[in-house]
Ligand SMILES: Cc1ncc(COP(=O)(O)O)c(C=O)c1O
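Shown next as structure tokens: one chain only, the form predicted on its own.
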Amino acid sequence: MGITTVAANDFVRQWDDVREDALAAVDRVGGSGWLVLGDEVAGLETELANWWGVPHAVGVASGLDAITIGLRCVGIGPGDRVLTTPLTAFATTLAIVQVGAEPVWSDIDETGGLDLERAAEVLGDDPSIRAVVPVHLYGHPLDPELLSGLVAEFDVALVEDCAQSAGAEREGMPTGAVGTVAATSLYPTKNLGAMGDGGVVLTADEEVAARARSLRDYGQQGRYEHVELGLNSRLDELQAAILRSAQLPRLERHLARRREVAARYDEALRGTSLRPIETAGGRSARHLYPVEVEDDPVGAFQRLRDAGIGVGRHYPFVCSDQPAAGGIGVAVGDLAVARRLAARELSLPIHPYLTDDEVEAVITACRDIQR
């Protein structure tokens, strides 16, 4: 394997950029004397809600916890069934299992997201399904009209997984604005990433926001008054302060750079054997730049790696095939599209610190592997 010259992410360059603001944030927290669930978390929640365009944001410890808490907030628990996508990070499935529910995996469409027309058929055939957890995969926004149609027609709860879609919008709506609750991740690789782990519950419902705040803090309603069995899932003050001072102010610039890189790839790969997996509408957040490689994707992956390109695979196994999923859940049909993309997808580098020369190096390597 060759030496990586174009990284999938570059946290050293990120640190060079944010160091002064991040250190000032650490100093601010240290000097405050308040380290858990203080003004920094509250401030981030307000600022992120305003940026996202939803009334409430609740900081939690991870994207997984954000989905788990979201499901609990809409009443999903033991014995319930939840429709979701098989092509995503396993955390989406894991959250469903953690609340005691059973995942039902339905196939995706050509954009990588849950096939919402097929989902309607599944819901029509199985009235025991009580919730849907769609994923705006790669940062591509799903159709909000179709999502709201599922809720209205089948009376299901909708918990949107927005871990990859910060900054995406469609029909004038940000992702996460259709259902009662949505979840996003603050993992370092995300469009809005912390310097550690974190997540956020997003909602327009004040009661849901209040319950999410209780659930993240041991189920407390007041100090030492535990009204239900909650979690220890508190976003750190340090992470919130760094996000407020160093990351959120740069987010629009970073999104713009991701879109610039994606546009260059779009142009360069047109007509090649590396087919970009595009959004069907709206504006993608461009968290990833996925391509489908029909002819020898594993070989193409290795050749790009050997050329120094930090190419990835998202995701090489569908969730229902994971060893941890043995004996749980139901796969509807053969999941043909999900399995095809799982086998063929490669992700090209698209982080905001890529230089123009590095983008050209990726393009050159992609062209070279076709010769």
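All residue numbers are counted from 1 along the displayed sequence. Just so you know, these numbers come straight off a predicted model, no measurement behind them.
Just so it is clear, the following notes concern the form predicted together with this ligand, a form of the same protein that is not shown.
The candidate spot formed by 68, 98 and 218 is out of contact with this ligand in the predicted bound form: none of the three has a heavy atom within 4.5 Å. Only one listed stretch (163-171, 221-229, 277-285, 201-209) carries heavy atoms within 4.5 Å of this ligand in the predicted bound form, and that stretch is 163-171. Using a 4.5 angstroms threshold between heavy atoms, residue 63 counts as touching this ligand in the predicted bound form. When this ligand is considered in the predicted bound form, residue 89 lines it closely, a heavy atom lying within 4.5 Å.
Interface residue remark: residue 185 is counted as part of the site for this ligand in the predicted bound form, having a heavy atom within 4.5 Å.
Residue 52 falls outside the set of residues with a heavy atom inside 4.5 Å of this ligand in the predicted bound form. In terms of contact with this ligand in the predicted bound form, the residue from 83, 242, 135, 181 that brings a heavy atom within 4.5 Å is 135. 190 is the sole member of 254, 190, 72, 130 with a non-hydrogen atom within 4.5 Å of this ligand in the predicted bound form. The partner is not shown here, but in the predicted bound form the stretch 292-321 reaches within 4.5 angstroms of this ligand through a heavy atom at 315 alone.
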